[in-house]
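Given as structure tokens, the chain that follows is alone and in the form predicted on its own.
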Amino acid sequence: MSNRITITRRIVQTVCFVLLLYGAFIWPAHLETGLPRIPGGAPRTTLYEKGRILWVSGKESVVDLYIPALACRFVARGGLLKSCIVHFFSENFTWRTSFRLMLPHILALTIMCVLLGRLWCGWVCPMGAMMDAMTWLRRLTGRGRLQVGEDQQRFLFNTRHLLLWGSLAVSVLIAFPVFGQGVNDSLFLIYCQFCPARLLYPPFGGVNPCWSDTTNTISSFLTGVGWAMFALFFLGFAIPRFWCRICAIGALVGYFNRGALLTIEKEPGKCSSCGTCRRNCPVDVTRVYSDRRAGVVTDPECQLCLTCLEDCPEPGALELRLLGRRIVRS
């Protein structure tokens, strides 16, 4: 299959990168969708001053739409899309937004997740594209990758679910006054405060993000956590797609991966157990190799980059299917 899949994926990643980071430069005016606009509450990211972690350089996104990838509220000029799926739940839990307003957005997000699963991570997410670029640079310098063992993989898996549910729990708790005056302000959008995208994305649009917020003890602590997460992101030079392994967005979208309409399927009778899929998987998924039953072998960790299909030497052993229809096969 040569490298047609990789070339196609790189083109899609580049287009998505440009749109998600520079969409507000291309379409400066707000565009309405059929989804209801959710009115902001207090605190709001648009009200933060430049010395605060949650300062943003743009007031509104071009389109009031959330996606299951790391579209970010903190890109220059507000960005093309509103934000990621974790941001959506986090902010609206804190605002206690009515379920009636949230429901159309929840349905839209569910359709996106059920349709494509973690293809959003492998093909659309700008953070994923950055990590793939780091892997390319590592290979260009002739350096080998660091291997992640099963115990470490399990630890990273648990970490991302802890980050997901911990941040959402905080977003729920700070909605109630019992937690004290000013706590909402410091812990609002807590996942955003330490997500590397908050620091990585703005410079691509010529904006200097808030690197340090010492307003109070909580903001100082979260500044330190943000620096640590920012440093961890660059482990992607040695470990392919390292941030994906602890990303809360990936954890949430991963719940849909096994039941998504886009699937990787295997024909065991055509598999020679060569192990190529296991060795070449960027996130060390083993299910494609180890599952000996016919049918779906998509793993919750799989980002549907399709490296396994592209590298598999056995014709027809692996197939990508959408709604049961073959898209491509090894």
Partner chain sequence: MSSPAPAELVAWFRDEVTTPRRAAELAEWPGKVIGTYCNFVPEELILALGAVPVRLCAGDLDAIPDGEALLPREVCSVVRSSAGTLQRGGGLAGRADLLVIPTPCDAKKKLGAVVEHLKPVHVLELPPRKDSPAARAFWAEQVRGLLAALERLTGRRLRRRALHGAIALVNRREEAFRRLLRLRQADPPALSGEDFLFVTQASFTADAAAWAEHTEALCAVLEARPARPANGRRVLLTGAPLIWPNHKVVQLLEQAGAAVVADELCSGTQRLYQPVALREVSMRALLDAVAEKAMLPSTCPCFVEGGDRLNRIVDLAREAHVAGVVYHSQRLCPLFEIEAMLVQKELRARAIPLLTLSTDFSREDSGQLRTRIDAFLEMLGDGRA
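Residue numbers count along the first chain shown, from 1. Keep in mind the model is a prediction, meaning the values are calculated, not measured.
Note that the form predicted together with its partner chain isn't included here; everything after this is about it.
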query: Listed residue that, although its partner chain is not shown, lies within 4.5 Å of it in the model of the complex (heavy atoms), from 105, 138, 160, 77; finding: 138
query: Answer option from 269, 34, 39, 295, heavy atom within 4.5 Å of its partner chain in the model of the complex; finding: 269
query: Which of 208-216, 138-146, 241-249, 81-89 sits within 4.5 Å of its partner chain in the model of the complex, heavy atom basis; finding: 138-146
query: In the model of the complex, residue 274 touching its partner chain (heavy atom, 4.5 Å); finding: yes
query: Distance check, residue 59 to its partner chain in the model of the complex, heavy atom within 4.5 Å; finding: no
query: Residue 55: touches its partner chain in the model of the complex, heavy atom cutoff 4.5 angstroms; finding: no
query: Contact test in the model of the complex: residue 319 vs its partner chain, heavy atoms, 4.5 Å; finding: no
query: Those residues of 100-120 which, in the model of the complex, come within 4.5 Å of its partner chain by heavy atom; finding: none
